[in-house]
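Just the one chain here, the form predicted on its own, laid out as structure tokens.
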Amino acid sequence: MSSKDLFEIARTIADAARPGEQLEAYVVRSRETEVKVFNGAVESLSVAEAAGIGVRVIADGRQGIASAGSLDADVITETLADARDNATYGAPDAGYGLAEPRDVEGVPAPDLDLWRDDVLGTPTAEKVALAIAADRAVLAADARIRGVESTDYGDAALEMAMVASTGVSATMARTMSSVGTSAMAGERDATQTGYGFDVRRSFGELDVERAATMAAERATRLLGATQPSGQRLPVIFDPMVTASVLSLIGSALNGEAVLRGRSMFADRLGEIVGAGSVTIVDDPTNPDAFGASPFDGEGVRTRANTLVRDGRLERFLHNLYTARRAGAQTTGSAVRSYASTPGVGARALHFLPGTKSPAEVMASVPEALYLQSVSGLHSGTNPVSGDFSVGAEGLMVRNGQFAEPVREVTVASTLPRMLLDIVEIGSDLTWLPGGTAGVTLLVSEMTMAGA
């Protein structure tokens, strides 16, 4: 079945709309490969193909949705009937409504090439061989590597077609391949772990050595880590930590959270919420972002949305429903699966990078704590107050160089305070799987609690 076939299925359903009824069909097909390696041998292997359809009906201000993990004609017919039936039980809401041509007018269609044939074309045996090679490369990267906790290879090829009876339609296809590994380094009685990865659209572009070297370096540089005494000091965020923290900030810039009163930024549009160097953008039209897409989950064209510009809060992310409820315009930020109604989410959220390299950021302060990894990120953060307190490990930085490694520390502040206290944003924008990107970040002061 081709992408054209998916579109025809969606179009046939949308064409069945009754008078006074809005009808939408969202059809997907995917294939995923997962390989797990342990001790140089395959621990598990799965190759899974899936397809499904979601049907949404809006009639008399009521919404109904039904879905099925099959594209058989009889199943699709039943799914449409179930969606219509579900709509009769829904509560009326003036915010319900499918995308209309006016919702996409004025926004140019992004020209994105997100598909690489070799993700599906490469034999599974070659993918297994790559995962085993990554596992072995970690062991060879440094004499202090005692073992590998795990090595994983994964890829996904996704195709989607959506057609609404209102005249809006969309198609999208994208691929992604990744390899990740966790190294165990040892020295005398001390053991530390470090994670490394590489992610690309194409299987052929994956860099096994990059992932292995990263894992080994991140593990070995933590050997001998001790618990320091507590103090207040500047903190430098590793790009992977920055991406995790930015995802929390992004959830508070979400129109759904704002409408529910679950955002620290509610009622703060137009206010200064960050340092002058802070610009936060969600740009799904950037092909380097692994969440890139020409359309959102409602068929609305995506676009670059600047949420915070030079420290000032400019907008929230919205889908059609939250935009109507908030008296705003959609930002093309609907996210969904075929089995769900559209939510709101970022696809390519990032800090606008600065001009300094990570080394120059480190050299910009006499002393700092470098956060290599954090734990308890979600349990230690309050999305309404912004209170932030997480476990961490990393290294002290003095005179621009890594010094002694530290462990068993707690780093605390609030997310609003951290945004205001950002003094440097590195040039090393790093695109990661998911909806956020990382970058080296320097916050002028946080509380480090240790011994």
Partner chain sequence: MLETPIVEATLQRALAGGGDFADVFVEDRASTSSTYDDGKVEEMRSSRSRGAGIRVVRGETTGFAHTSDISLEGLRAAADAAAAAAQAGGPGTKVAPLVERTSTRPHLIETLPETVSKAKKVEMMARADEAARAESGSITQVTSSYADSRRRILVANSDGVLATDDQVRTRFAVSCVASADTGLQTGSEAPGRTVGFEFFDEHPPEEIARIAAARAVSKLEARPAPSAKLPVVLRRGAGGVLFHEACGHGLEADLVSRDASVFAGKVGERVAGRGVTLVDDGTLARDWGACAIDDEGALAQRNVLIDDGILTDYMWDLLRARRDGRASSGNGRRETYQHLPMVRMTNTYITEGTEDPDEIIRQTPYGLYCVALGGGQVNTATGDFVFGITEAYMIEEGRITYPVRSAQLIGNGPDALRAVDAVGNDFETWTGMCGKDGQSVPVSAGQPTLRVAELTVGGTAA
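Only a predicted model underlies this, so the values are computations on that prediction, with no experimental measurement involved. Numbering follows the first chain given and starts at 1. C-alpha atoms forming the largest set that superposes within 1.5 Å between two forms make up the rigid core.
Omitted here: the form predicted together with its partner chain. The next part is about that form.
Looking at Gly261, you'd find a heavy atom of it within 4.5 angstroms of its partner chain in the model of the complex. Using a 4.5 angstroms threshold between heavy atoms, Gly400 stays clear of its partner chain in the model of the complex. Of the heavy atoms in Ala68, some are within 4.5 Å of its partner chain in the model of the complex. Contact between Thr355 and its partner chain in the model of the complex is not found at the 4.5 Å heavy atom cutoff. In plain terms, the part of the chain that comes close to its partner chain in the model of the complex, with a heavy atom within 4.5 Å, is 83-91 out of 236-244, 83-91, 109-117, 280-288. Within 4.5 Å of its partner chain in the model of the complex, a heavy atom is found for none of Thr175, Pro366 and Gly394. Checking Val104, Ala252, Ala156, Met184 for any heavy atom within 4.5 Å of its partner chain in the model of the complex turns up a single hit: Met184. Residue in contact with its partner chain in the model of the complex (any heavy atom within 4.5 Å), chosen from Thr226, Ser337, Thr191, Gln329: Thr191.
For the partner-free chain shown, Lys36, Phe38, Val42, Glu43, Ser44, Leu45, Ser46 of 31-46 come within 4.5 angstroms of its partner chain in the model of the complex, judged by any non-hydrogen atom. Superposed on the core, the two forms barely differ at Asp142: its CA moves less than 2 Å between the shown form and the other one.
Core-superposed comparison between the shown form and the other one: the Cα of Glu271 travels less than 2 Å.
Val75 is among the residues whose C-alpha shifts by 2 Å or more between the shown form and the other one once the rigid core is aligned.
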